[in-house]
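Given as structure tokens, the chain that follows is alone and in the form predicted alone.
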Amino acid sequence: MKAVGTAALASAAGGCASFPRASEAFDQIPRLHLTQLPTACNEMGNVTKLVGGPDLYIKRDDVMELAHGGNKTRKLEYALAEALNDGAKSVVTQGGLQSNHVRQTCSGAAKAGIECHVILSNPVPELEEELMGSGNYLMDQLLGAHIYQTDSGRGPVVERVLSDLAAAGKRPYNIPAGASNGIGSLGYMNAARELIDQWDEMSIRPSHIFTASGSCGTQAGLLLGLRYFGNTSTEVVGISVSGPAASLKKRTRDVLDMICDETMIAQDFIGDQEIVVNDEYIGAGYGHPSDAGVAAIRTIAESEGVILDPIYTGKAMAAMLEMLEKQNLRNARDVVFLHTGGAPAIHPYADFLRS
């Protein structure tokens, strides 16, 4: 599907200075309002003192209305809008047993009044009992999802479920892992516009914004949105939670190109040199808490009263704090952390988090 108003969007994309025209064109794209926006962007004064500056801020995308919120809510506003416009009676998606994306998709589908079918795999087999006993998996069940578990690759199961639903006349709509495609990632273009407005109101000019990066839709949408809506200076720093920097940079490039295909923005609007990924904080691998991440979770909880998670935001926060302490950020000022949610996952990982 090409977004409504793409011709106007292409015209508006001629330069970053065209913010009013860009906003008008972007708002023509179908969107299902699933939460109250904007989310807060708050100063982290206590953490700023701990690291000795610069001023630090946190964008609270963990506080939304789809079953404890998170960054996928923004993506689902566009993905579910397309599903409904296509006449879908069911949605299919996939992720790990404690997938934040799956939990929010289940909640969004319930709100939209369509069936939700989810294919789950286990990234940490030795923790299967814990991962299936609480947190996101429990909420998937409460939200009425049709759950399919596999240990041999999710792709073939997704295809089978889509085929079965189509044969049953339920017009399935497939949402990829993390909703990280061209449609879903529009949610973070919208978030970028929101941040630009908030930063103007707060009279801050962030040099960097940090985000956890896995399926890369958040990073891609945020980067493209900042540039498209007029911010030419804030560096988007993706902290990998799942793989080497080279593969995540390529994935981010692929998602950027998919967004451009949906909006008719030129694919060279964002250069590869602007895609920044750090892969030094993954720890033992995806789904495994790291010592640095757990320490960051405790620091932010004790100093700011905010709960991070051990798989995404804890690791990203650990990276941001260490890079600031080591003065590895050039000309750092008004640094922002994007809290993408995930707190329900603290429960199955409780043994790692207890003091």
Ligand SMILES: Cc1ncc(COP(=O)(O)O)c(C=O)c1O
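Given the structure is predicted, the values throughout are model-derived calculations rather than measurements. In this text, residue numbers run from 1 along the sequence as written.
There is another form of this protein, the form predicted in complex with this ligand, and it is not shown here; the text below is about that form.
For the three residues 35, 73 and 190, a heavy atom within 4.5 Å of this ligand turns up in the predicted bound form in no case.
Between 324-332, 306-314, 289-297, 37-45, the stretch whose residues reach within 4.5 angstroms of this ligand in the predicted bound form through a non-hydrogen atom is 306-314.
Within 4.5 Å of any heavy atom of this ligand in the predicted bound form lies no heavy atom of residue 93.
When this ligand is considered in the predicted bound form, residue 215 lines it closely, a heavy atom lying within 4.5 Å. Taking the partner from the other structure, this ligand in the predicted bound form has a heavy atom within 4.5 Å of a heavy atom of residue 100. By the criterion of a heavy atom within 4.5 Å, residue 180 is counted among the residues contacting this ligand in the predicted bound form.
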